[in-house]
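The chain below stands alone, shown as structure tokens; this is the form predicted alone.
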Amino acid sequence: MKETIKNHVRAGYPGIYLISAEEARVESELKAVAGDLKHGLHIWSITTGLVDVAQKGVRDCHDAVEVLQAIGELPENTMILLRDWHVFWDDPNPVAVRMFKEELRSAKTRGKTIIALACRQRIPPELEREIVVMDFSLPTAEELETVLDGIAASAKLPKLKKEEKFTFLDAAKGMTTTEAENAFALSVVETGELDAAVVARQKAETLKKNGLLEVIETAESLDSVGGLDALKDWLRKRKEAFSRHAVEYGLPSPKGLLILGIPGTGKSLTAKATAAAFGLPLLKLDAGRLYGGLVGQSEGNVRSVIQTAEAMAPCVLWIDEIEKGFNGSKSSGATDGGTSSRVFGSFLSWMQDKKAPVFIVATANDVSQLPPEMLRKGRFDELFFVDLPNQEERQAIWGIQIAKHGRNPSDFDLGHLAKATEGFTGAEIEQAFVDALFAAFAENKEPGDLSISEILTEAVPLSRLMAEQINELRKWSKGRARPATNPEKETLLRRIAA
């Protein structure tokens, strides 16, 4: 990031809008840039006024107009950092906006660079073409390593081995230096040593704060998924795609996959199992929360998600029911001033061009709501369709669910149960067994084939309630999506329950 800022200053950019919550780290980088270029550096805030970093002098100016007047009096080849500048552009003062624009023109001819530091993007329309916007990237592994070494030294812990450092740095990826420092320190206080589990827990709590991303801890594996052999085989072939050996081989990082299908057929379960199969952390994105009520907030949320995901790479990014997050992009211009279209476009561009090893697993129930641009090759490596489970798959699902709830599958006639649940989804099979457990518990006995059959006689599967929609989904997927189950391995044809 230092080189990027330095190049813009050397190129004569008069205005930079720098988005970051890491004020101390930004200031440290700017001091290094000023030193390399032999520029002066002044830092302003509403409380301290305008401080000359080298001379330690302070000018008493405590509002936007006063500091802009002071900037005009500074010498050539000077960098000026304005802290918390988004506050002054939430409801901009027309005088301050005009002065800022005029000061940019003056700065261009005198070698000055005005850097507005903000935690979110707020730029008046009058200045959008006058100032360059930069996202200050999250710390690299080397920067986090410096923080880790500092905590270890201050706690007088034994020197960490290289492999141990990798564990802690992986746990801290995606955090700011301050957040990482606090997490490292907390792990020492709680356990008396550095503990990666504590750091990972704190990272999960940190990501929850903005409500956009969530770290998902899952014990699921591909063995937890009944059937879907074609999809699981595809994933297993990419299991080592993020390893160093794959990079040396020249293998490009896989982009991701879109799993389309009927609700309750294991799409979300497969997303969780994918992260476990790859041995990567799982991030869940709620696409609907990308949209904010303030101007520029939605676009800022997209940048924040991308920045965090790339900082944590390699990782799996799970977008559940993606159609609900992006289905408004077509009519966006008439409904929200084009915000949805811009958010969707930014996300699509990143999916197409991303270099960081972020594997996207998106799930969808209704393909008709997905924009066609998202479905073409280049966004995802593959599109899979998950149909209702066939006889063999239902039998596997019954075995998994019975074992999951602490019972022995061999005590049940799995073939009979599979036949009795034709047209059922995996989620409905699980619920049927749970209902049987409740009924058996009320009678102080264990569930059996008979009690489960009684439950099934009262169940109305989704395939009966949504027969028309399921048939339409099947027609669309034929020739457009790969079946998640190998057709030649199906022992019984699927059909919707009568």
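Quick note: we count residues from 1 along the sequence shown, nothing fancier. As the structure is a prediction and not an experimental result, all values here were calculated from the model.
Note that the form predicted in complex with a small molecule isn't included here; everything after this is about it.
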Subject >> Exercise: residue 122 in contact with the small molecule in the predicted bound form, heavy atom 4.5 Å >> reply: no
Original post:
Would residue 397 count as touching the small molecule in the predicted bound form under a 4.5 Å heavy atom rule?
Top reply: yes
Original post:
Any of the heavy atoms of residue 265 lying within 4.5 Å of the small molecule in the predicted bound form?
Top reply: yes
**OP:** Considering only heavy atoms, tell me if residue 430 and the small molecule come within 4.5 Å of each other in the predicted bound form.
**Re:** yes
Original post:
Out of 239, 419, 404, 376, which one falls within 4.5 Å of the small molecule in the predicted bound form, going by heavy atoms?
Top reply: 404
Subject >> in the predicted bound form, the one of 309, 269, 104, 96 near the small molecule [non-hydrogen atom within 4.5 angstroms] >> reply: 269
**OP:** Name the stretch, out of 422-430, 68-76, 191-199, 158-166, where some heavy atom lies within 4.5 Å of the small molecule in the predicted bound form.
**Re:** 422-430
